[in-house]
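Taking the form predicted alone, here's one chain by itself in structure tokens.
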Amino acid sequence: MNAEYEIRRRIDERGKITFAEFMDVALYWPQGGYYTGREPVGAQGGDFYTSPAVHPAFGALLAVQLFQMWQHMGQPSTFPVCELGAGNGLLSRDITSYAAELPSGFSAALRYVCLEQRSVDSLESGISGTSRVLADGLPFKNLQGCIISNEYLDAFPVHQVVLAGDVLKEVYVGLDGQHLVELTGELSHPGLAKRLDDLQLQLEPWQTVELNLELGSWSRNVTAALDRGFVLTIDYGRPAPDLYDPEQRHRGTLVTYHQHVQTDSPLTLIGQQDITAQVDFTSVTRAGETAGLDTLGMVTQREFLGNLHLDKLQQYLRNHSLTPQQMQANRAGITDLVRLEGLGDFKVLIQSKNGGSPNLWGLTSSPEAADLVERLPVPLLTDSHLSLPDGRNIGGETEFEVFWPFPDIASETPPDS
């Protein structure tokens, strides 16, 4: 009863199924779905890595941004932070560890909740102020804090539609003999055509796009859980006009990954490979506003971490007695967080509910953030993070110096000891 068996059973029973249903089973089927059967992320194997695994500076600067949010809310004695799809808890551990370095009792107020659908070995276990909840969704009410979504929305099942000549069709998965094949048919849901109309998109003939119809319900659930505070969404994607550009992305953005190799063959290796599509941030923003959230701003991850003064953490690496290998590994990890055409191009969207319109440090660089980061220690790689120069678990060596965004540091020779 693995994921592929279930897909074939449904097709035999009901006929072709939407690509969204296929993707849902392939990723989340309890017996052998991709996300239910293994840990696909991080330094201990997997098919891809995310920002928390690259360097703890990511979690450290998120802690700095959370600190400002807590200040804006009047420094409440309890400040809950709920991370959706927290995985093994590495981001939780990095944020809470760095929060201990922040002033004014922030660490004592922080209550970090890792929300996850599946049971995994967790790195945050035993850390004061952290907890883990197994749930599908967001089973909380009256939160006054922050909800974090880091590379969460890109794993939502998506519908695929294609303009077949001059008729809008949906992509389905069916059987041709014993082979799974893609088919087209009538739209399964009126929301598909409505989404395109709302975005004022006119597809080119034979252009394929992915549409996530769960954004509305997700935004409503988030808004219902949050009484006052912020929603911080980090993911790879684009505003709709760019995302659905027929010249740049005529075949859509759906990709598959297996063992760090982009395979782009979703109907194979079912349950053994990731299936993902870029996030439509225009629709995410609009869904949030419809549900009752205020949009504070959106920047790239490169801009967000730059505004929080990642450069100072980079510069202060030289104050540590690191071996050349340690210096190289930490430089590579920090640099990869802001690499153009990579993690640096991810988008950071911040929304609020009953939170006013604060000038958040991550959206606009400020002297207050600079002064704070200058007084803080530099987080360093641990065994739970990746070592990019080693090519450990990512299929080979990684060239990184060309991405280094601060030439005066890039030209330095790492210390001999």
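Residue positions are given as counts along the sequence shown, with the first one as 1. Worth saying up front: this structure is predicted, and the values here are computed from it rather than measured.
Not on display, but discussed next: the form predicted in complex with a small molecule.
- Of the candidate stretches 159-167, 262-270, 130-138, 200-208, only 130-138 has residues whose heavy atoms lie within 4.5 Å of the small molecule in the model of the complex.
- Using a 4.5 Å cutoff between non-hydrogen atoms, E83 counts as a contact of the small molecule in the model of the complex.
- Using a 4.5 angstroms threshold between heavy atoms, E116 counts as touching the small molecule in the model of the complex.
- Though the partner is left out of this view, S352 does not reach within 4.5 Å of the small molecule in the model of the complex, counting heavy atoms only.
- Within this chain, T50 lines the site of the small molecule in the model of the complex, having a heavy atom no more than 4.5 Å away.
- When the small molecule is considered in the model of the complex, only one residue from N150, Q278, N212, T223 comes within 4.5 Å through any heavy atom, namely N150.
- Interface residue among L183, A155, A108, L175 relative to the small molecule in the model of the complex, by the heavy atom within 4.5 Å criterion: A155.
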